[in-house]
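Shown next as structure tokens: one chain only, the form predicted on its own.
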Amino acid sequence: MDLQDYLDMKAEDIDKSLFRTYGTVTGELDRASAHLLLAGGKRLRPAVVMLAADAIGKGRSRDVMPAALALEVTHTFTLIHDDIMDGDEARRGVATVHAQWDQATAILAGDVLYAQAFELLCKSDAGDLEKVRAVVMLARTCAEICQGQHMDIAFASRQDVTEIEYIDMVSKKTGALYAAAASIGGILAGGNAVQTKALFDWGLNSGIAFQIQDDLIDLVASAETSGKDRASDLREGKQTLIAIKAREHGVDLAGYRKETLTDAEINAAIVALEGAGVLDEVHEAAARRVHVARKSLANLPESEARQHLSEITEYFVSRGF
């Protein structure tokens, strides 16, 4: 089975499980909590949980389905709260939770999902010690996600953010949840310390590559391709790796920080960044993370699941174009 067929199959499995759990809720807060969960999505993080489990032992993905759901629920809780902070009105083709209900309900809906993630995690078919280790991993990850989000917010008022600081931020905000998905799948499947560390390192570096690619997609890809407002990071003056490298190379992006940008202005910024070698350096930074992620997989036995994990890393840095 090729990677896309696998991801489509697992996304369908996850969607069915989510609908069984959340599709018939009736209370207003429960409906708000389920709103984004039932709106679809790529379901990459739960797929990673299941692939990691199968990379430890073929067929173990069946045992960790509740953990896979837990990671999707965790991801959705962060999206609900991010949408509140960013003031976004739509996600996944539907109104955001705070837009559909109100801010207070959205905060509580996210909190409900946060709590339910740990309950789901403990329903996996695994030993008690492995469940405790998985709970500790998810708890630590949720704290890191919050730290990463706060760093991202703090960067908005600075123009001296370094590449090291940026990598630290995306490690927490994006990389940590992929690292948790992979390592939790491995832990619950009975992986040893070397194997679960390898899965953690794979997830962390793949997640960093994912975020760097997101920065590039935001600037270079069309709105139709990316599904996002083109060059929003440029307009907002966000401290992405592109902005950091631009500053290092003397490319002034201050003039692009305004409410609207024409396609001609965006294209002019791209030409300037390409001419200075900025975009090439950003591509190379993502490629280095891909190399490290794939190298870590060598500590796992050869299998179709391991191959799919490697292919996911490549997908992360090739999507959106």
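Residue positions are given as counts along the sequence shown, with the first one as 1. Quick caveat, the model's predicted, so the values are computed rather than measured.
The form predicted together with another copy of the chain exists for this protein as well; it is not shown, and the discussion that follows is about that form.
K.L.:
Test of understanding: in the predicted bound form, would Leu29 fall inside 4.5 Å of another copy of the chain by heavy atoms?
P.N.:
Looking in the predicted bound form, residue contacts with another copy of the chain include Leu29, since a heavy atom lies within 4.5 Å.
K.L.:
Under a 4.5 Å heavy atom criterion, is Val194 part of the interface with another copy of the chain in the predicted bound form?
P.N.:
Looking in the predicted bound form, residue contacts with another copy of the chain do not include Val194, since no heavy atom lies within 4.5 Å.
K.L.:
Check Asp128 for me: does it contact another copy of the chain in the predicted bound form (non-hydrogen atoms, 4.5 angstroms)?
P.N.:
Result yes; Asp128 sits at the interface with another copy of the chain in the predicted bound form.
K.L.:
Is Val132 close enough to touch another copy of the chain in the predicted bound form, meaning at least one heavy atom pair within 4.5 Å?
P.N.:
Yes, Val132 lies within 4.5 Å of another copy of the chain in the predicted bound form.
K.L.:
Tell me whether Thr105, Leu108 and Phe118, taken together, all sit within 4.5 Å of another copy of the chain in the predicted bound form, counting heavy atoms only.
P.N.:
Looking in the predicted bound form, the three residues Thr105, Leu108 and Phe118 all sit within 4.5 Å of another copy of the chain (heavy atoms).
K.L.:
Can you work out which of Val112, Ala221, Leu79, Val251 has a heavy atom no more than 4.5 Å from another copy of the chain in the predicted bound form?
P.N.:
Among Val112, Ala221, Leu79, Val251, a heavy atom within 4.5 Å of another copy of the chain in the predicted bound form occurs only for Val112.
K.L.:
Mind telling me which stretch in 240-248, 168-176, 97-105, 198-206 gets its heavy atoms within 4.5 Å of another copy of the chain in the predicted bound form?
P.N.:
Looking at the partner contacts, the answer comes out as 97-105.
K.L.:
Taking another copy of the chain in the predicted bound form, which residues along 142-172 bring a heavy atom to within 4.5 Å of it?
P.N.:
Those in contact are Cys142, Ala143, Cys146, Gln147, Gln149, His150, Ile153.
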